[in-house]
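Shown below, as structure tokens, is a lone chain in the form predicted on its own; questions about how it binds or moves come after it.
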């Protein structure tokens, strides 16, 4: 986008604070614009026929939410809920569509972004089908540390509930709790309430690899 185009879109945006646990938008909702994450983390999830949430993705700073639904003029396929306190910007649909219609380079970049999301979705499907729940939970802890870091005490900076961890890897909460307890017993991780720290990275990697 040119400076003029960026300014025109920027002038239409509004900022919003979203508290931990609040819904940014729900599955099946008609969206009137796109959300951009300025700070914080959102979980994107889909409700299964049995009423269980499957967390598809964690959206962090710089991520766009709802762009596919706005472009295709379909209702939201996922729900977006704040994992912690967030700052988001809302850009109205008209500004996005106008830019797509008048700027081919912007349209191509949007296509690339959506293609990247599709690739990530493909990887999730393969992961779910080829790895055990134990492997997926170990991988989830490594992912959280590598992408969100740790606090000054070495615990994962992003704290997910046991239910959220279960929903990320696609298993029952009870199964996730049992496996996490086993990891702790084996010395792979340590816990303090909901907080988790990786205690033996190599051993956790070995679990991921199926060793």
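Residue numbers count along the first chain shown, from 1. Quick caveat, the model's predicted, so the values are computed rather than measured.
There is another form of this protein, the form predicted in complex with the DNA, and it is not shown here; the text below is about that form.
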Contact at 171, 177 and 181 by the DNA in the predicted complex, all three, heavy atom at most 4.5 Å: yes
Listed residue (201, 20, 190, 16) with a non-hydrogen atom within 4.5 angstroms of the DNA in the predicted complex: 20
Selected contact from 32, 150, 54, 161, since only one has a non-hydrogen atom within 4.5 angstroms of the DNA in the predicted complex: 161
Any non-hydrogen atom of residue 77 within 4.5 angstroms of the DNA in the predicted complex: no
4.5 angstroms heavy atom contact with the DNA in the predicted complex for residue 100: no
4.5 Å heavy atom contact, residue 93 to the DNA in the predicted complex: no
Heavy atom of residue 133 within 4.5 Å of the DNA in the predicted complex: yes
Interface segment, criterion being heavy atoms within 4.5 Å of the DNA in the predicted complex, picked from 33-41, 162-170, 138-146, 57-65: 162-170
